[in-house]
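The chain below stands alone and is given in structure tokens; this is the form predicted alone.
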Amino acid sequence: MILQKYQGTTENEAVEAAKRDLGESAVIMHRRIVKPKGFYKLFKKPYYEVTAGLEENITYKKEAKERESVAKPPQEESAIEQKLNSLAKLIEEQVAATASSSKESASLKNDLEALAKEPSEDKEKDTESKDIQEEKDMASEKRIACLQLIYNQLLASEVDETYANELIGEIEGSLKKDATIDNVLAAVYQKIVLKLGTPFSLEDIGKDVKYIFFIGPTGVGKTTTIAKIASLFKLVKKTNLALLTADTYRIAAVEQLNTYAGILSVPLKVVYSASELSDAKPEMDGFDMVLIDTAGRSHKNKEQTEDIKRFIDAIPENEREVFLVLSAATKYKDLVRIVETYSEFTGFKLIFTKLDETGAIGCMFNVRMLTGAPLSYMTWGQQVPDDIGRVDAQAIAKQLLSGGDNT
């Protein structure tokens, strides 16, 4: 029996998608409501999922790419837009209070100065000049109050203080004196998107690149991430790929990857050293893409990191791409030590996992700023191949401005 999952905004929509894909002979085996968790609950609302079955002797002609198009739950940004609107409203209230206080102080100051001076013919001109200066002062105070609240939001999202100051400093220097709150928010948003840069995808690799290394500390989800990427390229893009693992320290990791290899009908090769990888290269050169799982290494262990370096260097630089896989739930101080260790011997692109386990994603911005390495993929669950996507710089910018998820 062929089994497929389908989603929709309503149960009927999911069922209809199954019928369109599998035909009227499809049998609905299971129904459930899926509630997004963690980071992605700001962008998605609950959706319906049905599992439909079809006897294998019934014709089934849909391509995997077509099925992929109905396998993604609907997305919306209403929750995060509400947070940003709340931020704008908070800024307006803060600015209004600041402006009112400043005006009262200025008025009192003017009254005291008037009492201390003798009447003069230039009194009217002096008053007009002071009014203009007051307006300039108030505009400046509004801008400062607005930027201060945005700065606080960035810190709440766990953006490092150094980068938050740098960001606000750049914006402050470029704003017009009469900039509105919306202008300020838009400027900060655009600046964050620019700093995050264009995400890198495996679809962007050069024609000579075949060997894709996944490196990083233990427990970040490298093997599961590889399975998700392998599924997408094998099932959707029909890529002729192979899997290779050097993670022989964990028997479970080899077994897990072997299971996925069997499901996808792709070969899996196990190697134990850099020299074995070199020996296996002539055989692997026949594939369009080879995804390589490496053992999780402690960034504190020099010998272990040297093993990874030798392993990567077994493949010529022009034929390889390296992804450093990091957990978004890891403390930023630890992330700094990790990326510094790996930066010593290789360049890399960044993959962040476990976004469903944290509500504050400032670490993604921080590591991007620290390393200058391109962001690539992000993952947020265990479902293969569903819980993965290319980094969305605009969504991240909105999340950072909305502050950390405290729910």
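What you see is a predicted model; the values in this text were computed from it and never measured. The first residue of the sequence shown is number 1, and the count goes up from there.
A second form of this protein, the form predicted in complex with a small molecule, is not displayed here; the remarks below concern that form.
> In the model of the complex, which of the stretches 353-361, 45-53, 367-375, 339-347 has residues with heavy atoms within 4.5 Å of the small molecule?
Only one stretch qualifies here: 353-361.
> Within 4.5 Å, heavy atoms only: does D160 come near the small molecule in the model of the complex?
No, D160 stays farther than 4.5 Å from the small molecule in the model of the complex.
> Heavy atoms within 4.5 Å of the small molecule in the model of the complex: does Q153 have any?
So Q153 does not count as contacting the small molecule.
> With the partner left out here, check for me: in the model of the complex, does some heavy atom of K222 sit within 4.5 Å of the small molecule?
Answer yes; at least one heavy atom of K222 falls within 4.5 Å of the small molecule in the model of the complex.
> Is there a heavy atom of Q256 lying 4.5 Å or less from a heavy atom of the small molecule in the model of the complex?
Flag for Q256 set to yes.
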